[in-house]
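Next up: a single chain in structure tokens, the form predicted alone.
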């Protein structure tokens, strides 16, 4: 074969590879765009629901008018729509999106860090620590800095939720930072904190036990704009950090030895990711309680569709997680009349069977 024929063959192979890569990338982008479109539609529809129904397109018109500073006379239909959408319904939907983003990204990052498909944002024991904080606030009246009311509960949930993470990091640092150490330390902390919570609740009044139980389930029912700033800032910053270090996250999944040979300090990077995702998870849990399965199932579904490259998995999981939680919340609000179910219950009903299906149909290649 002549050199010209060889060059032509190499050019054809390169063109074929480029075409395959374009299709590979297009599929990922298409999946994220489809999720965004579904998210916008579901977001708008959720804002129409309530005792006073508002038209789908009127919802977006009302939002735009509010943002651009349009004002209405008190008591007019437009003023009523603006008040209901902006003050009553929008905080719930916005916080659902933020929580879905935070938990889904936390699950994707945790699964990559510990290289375990069963990991989720609560692997380090954050949920059990937060439960102990809420239990101490409700049953014993012990709050961080003597903060009273709901803010005391939120502060307790956040601070106590971080304690298992700190202990897990210290244990893994003392012994050796490895995925197995992190998981085992998290399991140990979960059992310990759950035991302390149970001990407190045993001697508590029935009303306090019910309050603690309802918080553990997870709900968006009492969310307000006051919950927005802290949750948004922590989740936004954490998401940006993890998205911009997705290349290092990919390297970490190859194993510590491979990571070190490529110039990545696996131990330090793993601890940094643990701190970031723990802050994100604590910020979400402290306001809305424990939403199970979201951080476990969402990354699995995303990986099965677009592969395991964290450059795409993290943003796709964020979008899908927000869509997933909005869907569960919509079901929670409409499945019974009157009233609603806690969104955590609906998420468990959806997530449990879905996870079993994913296990049966999972591809080893995505890990």
Partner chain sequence: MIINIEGLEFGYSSVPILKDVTVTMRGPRFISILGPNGVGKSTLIHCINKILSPTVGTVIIDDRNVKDISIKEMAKMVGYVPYSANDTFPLTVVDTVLMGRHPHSHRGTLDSDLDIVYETLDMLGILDLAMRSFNELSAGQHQKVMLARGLAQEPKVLLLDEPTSNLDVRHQLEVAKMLKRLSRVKEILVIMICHDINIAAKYSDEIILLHGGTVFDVGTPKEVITRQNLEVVYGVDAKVIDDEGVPHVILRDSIQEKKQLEAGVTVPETRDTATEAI
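Numbering follows the first chain given and starts at 1. For clarity, every value in this text was computed on a predicted model and none was experimentally measured.
Heads up, the form predicted together with the partner chain isn't pictured, but that's what we're talking about next.
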Query raised in the report: Counting only heavy atoms and a 4.5 Å cutoff, which of 261 to 269, 279 to 287, 133 to 141, 88 to 96 contacts the partner chain in the model of the complex?
Result: 261 to 269
Query raised in the report: Between the options 159, 254, 233, 166, which residue brings a heavy atom to within 4.5 Å of the partner chain in the model of the complex?
Result: 254
Report summary line: Answer key: of 221, 224, 204, 116, within 4.5 Å of the partner chain in the model of the complex (heavy atoms) is 116
Query raised in the report: Taking the shortest heavy atom distance, is residue 357 within 4.5 Å of the partner chain in the model of the complex?
Result: no
Query raised in the report: With a 4.5 Å heavy atom cut-off, would you call residue 66 a contact of the partner chain in the model of the complex?
Result: no
Query raised in the report: Does residue 340 reach the partner chain in the model of the complex if we count a contact as any heavy atom within 4.5 Å?
Result: no
Requested in this report: Using the partner position in the model of the complex, report whether residue 46 sits within 4.5 Å of the partner chain, counting heavy atoms only.
Outcome: no
Report summary line: Of the residues spanning 228 to 252, the ones with some heavy atom within 4.5 Å of the partner chain in the model of the complex are 247, 248, 250, 251
